[in-house]
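Here's a solo chain for you in structure tokens, the form predicted on its own.
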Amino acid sequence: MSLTAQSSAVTARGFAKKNMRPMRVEYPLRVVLAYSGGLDTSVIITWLKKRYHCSVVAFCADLGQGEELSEIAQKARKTGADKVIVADLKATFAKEYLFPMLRANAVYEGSYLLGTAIARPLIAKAQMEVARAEKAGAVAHGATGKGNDQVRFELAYQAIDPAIKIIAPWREWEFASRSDLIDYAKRLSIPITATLKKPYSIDRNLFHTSYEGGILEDPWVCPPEEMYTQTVSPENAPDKSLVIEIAYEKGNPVSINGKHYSPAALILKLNQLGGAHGIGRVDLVENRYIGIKSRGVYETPGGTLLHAAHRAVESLTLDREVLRLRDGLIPYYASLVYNGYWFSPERELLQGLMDNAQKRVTGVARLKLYKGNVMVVGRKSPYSLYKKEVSSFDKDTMSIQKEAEGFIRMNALRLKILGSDGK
């Protein structure tokens, strides 16, 4: 996309030296902002118009955050947006982003199920589509210069259109803190609801809810119980366990207790079931891509159930060496998602391998849910590699026990040589 065609030249003034040519700064006529309705993006609309003399299109992606998006659209207009576009992306999010990631069993640093990280490439892609349709010269986001989201958004933007101008206000403007933004909003009568008393920030979508900042910046402070929105505390969960069955076809969950659901509806249903039993809470200190450690608290009830069920079906259907190879690549795959490389060739290459391994992963897992715990209590598959007649201690139809001695001797050969060396 040509920026020249979409921009107006503004001549910089104030040069004292003679014969110095004025610097020409290209300002976009139209900017598409990834808008959430929070303090940052509310201030950004006004700031963009004052700083760049442009019109602003506020783009809001509905990923299942549960907010009233009509109110968000109204708020964007009140804060100065020239146009507001809201896109319902829940179905796409579940089928084309969450399910591929779940097929890969992606977990970052042992416990984070990547609910925020996986949402950013979809938002960025949809935002770029709006920018193209609106003939905008730039895109903008409200991510801070200390976080991961700035990387995730901008890697996606540039993978889709390397020529797009990117505006990251937190790396440009004069504000240094949340209180600065609130003061600015008050001075310019920007309608906001944020206050300095808010103890943490929240990000929610179809897959999870995350909490960070504020009181959570002290990793020794226990998260307050009233903070959680998707899960009850394990102490307050039902005293009676719940047993459910999740069916898979080629690595994708398709039904719960025999009832089929769309990808998005299935995740929502599992969120309800898991949340009611206190399942899916994670409190961790993670390593951000830019090198900063960050404390985050997450709720991913449905995702936690899906990971357990998926592993259970895989335990029956995946060959040992395929499983070992795939599991060895999970940390790398998870890092690609976490760091913002969803649209990279290496992630796409890995996705092909992950998906290929799922051809046999069809079956049913039975889970018991009880006070924050998920227990696998059954699994079955028409493609099961588990053969009772082979594994049973009661029979030895293949003379495995007789052949085991030779197997052990051959595998011990190098150890015997090593053990006898120098003796």
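For every residue, the number given is its place in the sequence shown, counted from 1. Small disclaimer: the values here were computed from a predicted structure and weren't measured.
The same protein also has a form predicted together with ligand ARG, omitted here; what follows describes it.
Applying a 4.5 Å heavy atom distance criterion, does residue 330 contact ligand ARG in the predicted bound form?
-> Close contact is absent here: in the predicted bound form, residue 330 is far from ligand ARG, nothing within 4.5 Å, heavy atoms only.
Proximity of residue 298 to ligand ARG in the predicted bound form, heavy atoms at 4.5 Å = Although ligand ARG is absent here, residue 298 would touch it in the predicted bound form, with heavy atoms inside 4.5 Å.
Could you confirm whether residue 152 comes within 4.5 Å of ligand ARG in the predicted bound form, counting heavy atoms only?
-> Yes - in the predicted bound form, heavy atoms of residue 152 and ligand ARG come within 4.5 Å of each other.
Is residue 286 close to ligand ARG in the predicted bound form, meaning a heavy atom pair under 4.5 Å apart or at it?
-> Heavy-atom contact with ligand ARG at 4.5 Å: present for residue 286.
Heavy atom within 4.5 Å of ligand ARG in the predicted bound form - the one residue of 116, 79, 230, 304 that qualifies = Selected option: 116.
Could you spot which one of 212, 245, 129, 180 gets a heavy atom to within 4.5 Å of ligand ARG in the predicted bound form?
-> Looking at 212, 245, 129, 180 one by one, just 212 meets the 4.5 Å heavy-atom criterion.
If we take heavy atoms and a 4.5 Å cut-off, which stretch out of 204-212, 80-88, 160-168, 315-323 is in contact with ligand ARG in the predicted bound form?
-> After filtering at 4.5 Å, what remains is 204-212.
Can you tell me which residues in 243-259 come within 4.5 angstroms of ligand ARG in the predicted bound form, by heavy atoms?
-> If the 4.5 Å heavy-atom criterion is applied to ligand ARG in the predicted bound form, 243-259 yields nothing.
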